[in-house]
Every structure is written in structure tokens, then in C-alpha cells.
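Here you get one chain, nothing else, as C-alpha cells; it is the form predicted on its own.
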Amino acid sequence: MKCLSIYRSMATAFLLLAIFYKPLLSLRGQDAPPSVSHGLAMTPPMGWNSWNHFACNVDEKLIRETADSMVASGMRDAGYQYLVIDDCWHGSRDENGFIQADAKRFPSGIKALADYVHGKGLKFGIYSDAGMKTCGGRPGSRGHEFQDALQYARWGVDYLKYDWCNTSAQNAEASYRVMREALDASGRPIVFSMCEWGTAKPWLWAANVGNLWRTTGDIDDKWEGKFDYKLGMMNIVDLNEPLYPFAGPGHWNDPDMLEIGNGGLSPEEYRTHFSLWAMMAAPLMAGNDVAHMSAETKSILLNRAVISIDQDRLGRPGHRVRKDGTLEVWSRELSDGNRAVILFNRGNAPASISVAWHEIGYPDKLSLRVHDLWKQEDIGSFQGTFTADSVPPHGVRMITLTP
């Protein structure tokens, strides 16, 4: 009986090798890219994710139309490269345990859809969960991590958002490391976006596990407050900002996706949203209806001057350097030696806000040129300080300072 038990164990092991090893070898051909865990996302990832606007209402037609619109609108050329399907794309697993797409929503399959997205000059992203089920009740990846990673590689996936629903008593670091190892074994470079909501303090351990990690609960399209499991934009900012020392090229704090264009905030508040995300070196993952966005939304998402701050290759996130009640000064060091500065009015009335050179690492005797990133104009040269008059309520003045 003991020999029979050993034989059965060996047979099971060989079956698993037959399932995994042969396809893996075919992917790892002589010219296949090496296994990677670093070298991706050297600037914060930019792209679009389906969740904030469409939630579970996703299908093949929507993704194709969004890819078309990302090109036609200029988003792709502005740097938005990842198109990510969030939850609810999943069907069931096949007889060997490999995940399949929902055949009604994605009749052509994920591989064909990824090929279409790649054909538009974009990269393709997908979603899964570290638990038994996703947040939307679809099959999670627990116990199938290596199969799922291999399937994603076969499909041509470039980006994985990995959620944390239905995880019971799982250890976050251990669970995310398993998927990290699975992605490495797949043979395809895949950006790893860890959506653990900050509960296990991933900034302390995740730099060698994922390329970005959520620092907070989900964002809501509101200025401030707590709404069930969601947080207003200002709550997100206050939780994420102190974590700036932990982020840098290849590993970023993620204060969640952008709500710009979804209708819950004013245009002024959305400009503040975009400015603060760029200042914090956050991933810029749009979450709106790209095919039907307004001219105002487009002008915010496509402001290349603000995008360039987010994408600065020094990769040193900005942070708050002074707070006087509802008035704040933020600063970020840039790769060319300049500074990006935000003068931020959290109050309900217009206000004047000043920044002194010594607050941001310059001598006060230095003369600096000031450029407004939203007005897209040079303001002039100043020595020692600069004052922005009448910064609107919930608004910012975002500038660069050049010696």
C-alpha cells in the first residue's frame, strides 16, 4: 500500500510537470525575454482601467472602443499606455484548471483582444485576486497562481492588477510573493500592481515584490469623507503623502485610480486631483468613459506639462513642506535640478499662498523663473519668494521653479 501511495504521488507530480513544464518551455524559447521581477515601471505606470466608471459592466466591445478612443483622443501619445480590464472578465476554469474568459462578454477570447490592443500601440492589462474569489465573485487565483500567470503570458498580458478580496486568514506578503514568483516563471515581463489596500503596510516589504502597491482603500469620486469601504480624494491624499520615502523607480505608492471625468467633482477639483497625483509620483490610471469624455476632462488628462512632473525620471515623489490651516505648500525635486511646487487651497474661499525658496531647498538670494503648468505661461523671475494670489477654493497653483 505504501508503494502504491508513493506511485500515485509520483504520477501526480509527472502530470503537473506535463501541464506546466512543456508550455513554459515553449514560451521560454531561445529568443524569449528573461524572467523579470525588476526593470519595469521605471516611471509611474500610465493608462486606463475599467473599474471606476464601468465596474462589472465590461465586455469585448467596450475594450475595443476604449483602445480606439485612447488613440484618437491623444491619450496614447501623451503616455497612457496600459489598457486594463478590471474585475468580471472571468468565466470558469477548464478541465486542467486554466482560467477562461466569460464567453458571452468576450466571445473572441482574451488573446484576440490583447492582440487588438497591441495593434493600437498600447499594452494590455488584466485583473485577478489573491483569494478564492474576486471582489465581483469570479474565480480568484488562490491555488492557481502559476497556471494563471502562464495563461496571462500566453495571452500577451503586460500588466496584472491583483486584488485582496475573499482572502480569509492569508498572509499578504506571502500571497503576493507567490504571484510574484509565478509571474517571473511565466517568462513574460508583466507589471505587478498589488491592490492590498495598505492594510499590511506593503510599503515596508513590497519593493521587491510588486511594481506598485495600493496604500489606501478605494477612492470615491468625492472631495472628502468615508463612504463604506471608499474614501474621498482628500482622505486618500493624507494617507498616501507621508509614504513618499518608500517610492521610487520600479516601485511606487499607489493612491488608487483617477476619477477625473466621472462627474463627482468640479473641474477645479479634478485639476487638483491630477496635480496632486503627479506631485506624489502616483500611477496615472484614468478611470473615465474615454469614448465620451468632455473637452474639459480631455484638457486635464492630456496636460503634458503636469504629466511630465509625474513621469520625471528622478522618481523622487513630492510631498507637503508646509501646512497653514487649509493652505499648503508641496514641493518635488526634478531630474534637471528644478522644483515643481503646488500651492494648494483646501479651504472654501479664495486665498493667497506664498512659497519661500528655503522651504524647497534653494537659497533665498537665488533668482528663479516661475512657470505656471495649468495656464501654460511664464510668470517671470522672482527672488526669495513667490506668492500666488486668489488661489480658488479646492484649487491649486502648480508651478515649476528654474534657476
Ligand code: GLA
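Numbering starts at 1 and runs along the sequence shown. Just so it is clear, the model here is predicted, and its values are computed rather than measured.
Heads up, the form predicted together with this ligand isn't pictured, but that's what we're talking about next.
Asks: Among the candidate stretches 295 to 303, 326 to 334, 81 to 89, 172 to 180, which one is within 4.5 Å of this ligand in the predicted complex when only heavy atoms are counted?
Replies: Among the listed stretches, the partner-contacting one is 81 to 89.
Asks: Counting any non-hydrogen atom inside 4.5 Å, which residue from 135, 153, 200, 265 sits next to this ligand in the predicted complex?
Replies: Among 135, 153, 200, 265, a heavy atom within 4.5 Å of this ligand in the predicted complex occurs only for 135.
Asks: Select from the listed residues 247, 122, 195, 191 the one whose heavy atoms reach within 4.5 Å of this ligand in the predicted complex.
Replies: Of 247, 122, 195, 191, the residue with a heavy atom within 4.5 Å of this ligand in the predicted complex is 195.
Asks: Within 4.5 Å, heavy atoms only: does residue 51 come near this ligand in the predicted complex?
Replies: So residue 51 counts as contacting this ligand.
Asks: May I ask you to state whether residue 161 is within 4.5 Å of this ligand in the predicted complex, using heavy atom distances?
Replies: Contact check for residue 161: yes, within 4.5 Å of this ligand in the predicted complex.
Asks: Flag residue 257 as yes or no: does it have a non-hydrogen atom within 4.5 angstroms of any non-hydrogen atom of this ligand in the predicted complex?
Replies: Yes, residue 257 is a contact residue.
Asks: Flag residue 214 as yes or no: does it have a non-hydrogen atom within 4.5 angstroms of any non-hydrogen atom of this ligand in the predicted complex?
Replies: Looking in the predicted complex, residue contacts with this ligand include residue 214, since a heavy atom lies within 4.5 Å.
Asks: Where, within 112 to 133, is there a heavy atom within 4.5 Å of this ligand in the predicted complex? Residue list please.
Replies: Just 127.
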